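Consider the single chain below, provided in structure tokens and representing the form predicted alone.
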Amino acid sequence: MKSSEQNMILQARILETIKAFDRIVICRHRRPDGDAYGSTFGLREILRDAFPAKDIRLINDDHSDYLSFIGDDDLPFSDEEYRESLFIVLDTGTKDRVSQKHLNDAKFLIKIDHHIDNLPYGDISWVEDARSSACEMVASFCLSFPETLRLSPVSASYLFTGMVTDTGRFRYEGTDGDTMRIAGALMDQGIDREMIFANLYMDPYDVVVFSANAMKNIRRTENGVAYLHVTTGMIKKYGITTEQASASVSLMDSIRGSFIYIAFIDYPDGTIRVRLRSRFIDIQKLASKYHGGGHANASGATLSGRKEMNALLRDADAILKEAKQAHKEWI
């Protein structure tokens, strides 16, 4: 398994801290994705099964319509109860992205994450940026302490859902033998994979029509960066959500030579949200330059307008040009 001795010590500290608290709040990042949902729901079920006398709640300030099939958050605590609680934050690289307004009230804070740790936080911070997903980390945590923690069909289903989405169905870099062995352990619990894939990848008719028309608007820069700008007008015309619009980045994942591909999404607040994806090329630093971050091959950013969008495209094009010149063996 990937966990070094130091990471195993961190996990043991996390388990002992969990044992010491009667009230636990589990939370994730704003605008949650499958990994954020899966890891938090999965950890909640694992801990509830292990410690039925504890009050363990999943409480966040926003949610995802796309992932609503997974379930609902719990009712909030009172202000005083928050101040006596252990907070566990999953899949969230920076503190400002945590979807929990009471975070600073935590008596003790644990961070469990797989993003590059540029801005550390938490009383205990367990970060493994080589992991495929936070769900993989939660599953590994559970499997590391079999005398206390157990998987169930319910918790395994949550964790498998998050692993599937954050690995691109086990295709992205970061997926390795450990990832597949852990996925196998989850599957051994008898999860309903057909139900999971149907909910994740069967789209409403309006989204299908939007995708078909969006493909006509895909453009490429001089050196092959593929990009798509989903405007406010397109969102209104097809009756889709910004969350559904963001998924359009996957429409460009198989364009030969476009090792960087980007979706720009207009948001109601006037900003442009960016979904940056790549093959072979690290685009995390590019995302960081434009008020974002993430992983080497999957990151996000936020832009103030068209001027920044054009600047990001120029930077991405220069990165791709340099990479192609240095790697003639690529497709």
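Residues carry their position along the shown sequence, with the first being 1. Everything quoted here is computed from the prediction, not taken from an experiment.
Omitted from view is the form predicted in complex with adenosine monophosphate, to which the following refers.
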| query | finding |
| --- | --- |
| Heavy atom of residue 60 within 4.5 Å of adenosine monophosphate in the model of the complex | no |
| Touches adenosine monophosphate in the model of the complex: residue 95 (any heavy atom, 4.5 Å) | no |
| Interface membership of residue 44, adenosine monophosphate in the model of the complex, 4.5 Å heavy atom rule | no |
| Exercise: residue 302 in contact with adenosine monophosphate in the model of the complex, heavy atom 4.5 Å | yes |
| Residues from 284 to 305 in contact with adenosine monophosphate (non-hydrogen atom within 4.5 Å) in the model of the complex | 291, 292, 293, 294, 295, 298, 299, 300, 301, 302 |
